[in-house]
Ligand code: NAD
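So this first bit is one chain, no partners, the form predicted alone, shown in structure tokens.
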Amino acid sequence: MDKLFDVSGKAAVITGATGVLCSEMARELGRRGAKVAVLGLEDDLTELIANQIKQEGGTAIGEVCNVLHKGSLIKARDAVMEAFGRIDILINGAGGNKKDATVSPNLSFFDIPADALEWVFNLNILGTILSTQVFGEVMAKQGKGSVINISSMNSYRPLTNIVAYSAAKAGINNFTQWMAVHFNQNYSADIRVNAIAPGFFLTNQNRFLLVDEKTGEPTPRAKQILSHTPMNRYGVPEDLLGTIIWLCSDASSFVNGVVVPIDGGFSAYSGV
């Protein structure tokens, strides 16, 4: 079993790696001996996380990267290839929602600005596709690799108010399946593309929906979410790590084109 789940020596690229969830994925891969490229928009944060990995005895580099600019992705890819010589794992972690694209008492669906909707779609869908084009091309030439996209519970059941993010994450599921088939049929049967669908984790992106900005107390929406989560808690970043290591390693060598829920039972509960 240790050999099946071994990721030591593998080169992993993580976009959005300065976020709450993906930074923990980066650190865990580093602890397990993978060489990690920490990609994000802010140089000081990418370097901070890369240095944390190195301080724990791992191997890592930090690179500034905007997943919406192909030139930025190519520059980051060149840096990864110079440092590691290959790419075995790609985690497309860049994504998120924004307040301006979310229905609220102060913003009706009819008044959501187009640029806010576009921002959410571009970051989640276009960013994932462009990243897979650039880093996946290396895997296609190698003939082996594992791509992990980040979906959401919103992809299964669109949540009220979150119009753009729900639709964008549903698109991630479709792209995951499409890319799994496309890589296998056109490049290599040893390239896998899967996704995880986290349930409710308290992150910087959704904090404004779950925590009252003035009082710091749970919002009515937060209470409703927890009442519909059988495990009666939010997820913590560590809850994702076992599945991530499984999908990165040979333990999942025949798993392809799937979206794995990590949700504390939310998707299993009908509410009654």
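A residue's number is simply how far along the shown sequence it sits, counting from 1. Every value quoted in this text rests on a predicted model; they were computed, and no experiment measured them.
Same protein, other form: the form predicted in complex with nicotinamide-adenine-dinucleotide, not shown, and the subject of what follows.
Heavy atom within 4.5 Å of nicotinamide-adenine-dinucleotide in the predicted bound form - residue from 175, 201, 187, 121
That would be 201.
Give a yes or no for residue 148: in the predicted bound form, does one of its heavy atoms lie within 4.5 Å of a heavy atom belonging to nicotinamide-adenine-dinucleotide?
No, residue 148 is distant from the partner.
At the 4.5 Å heavy atom threshold, is residue 135 in contact with nicotinamide-adenine-dinucleotide in the predicted bound form?
No, no contact at 4.5 Å.
Taking heavy atoms only, is residue 65 within 4.5 angstroms of nicotinamide-adenine-dinucleotide in the predicted bound form?
Yes.
Considering only heavy atoms, tell me if residue 264 and nicotinamide-adenine-dinucleotide come within 4.5 Å of each other in the predicted bound form.
Outside the cut-off, so no.
Stretch in contact in the predicted bound form with nicotinamide-adenine-dinucleotide, which is absent here, among 241-249, 214-222, 53-61, 35-43 (heavy atoms within 4.5 Å):
Stretch 35-43 is the one.
Under the 4.5 Å heavy atom criterion, name the residues of 215-234 that approach nicotinamide-adenine-dinucleotide in the predicted bound form, in sequence order.
Sequence-ordered list is empty.
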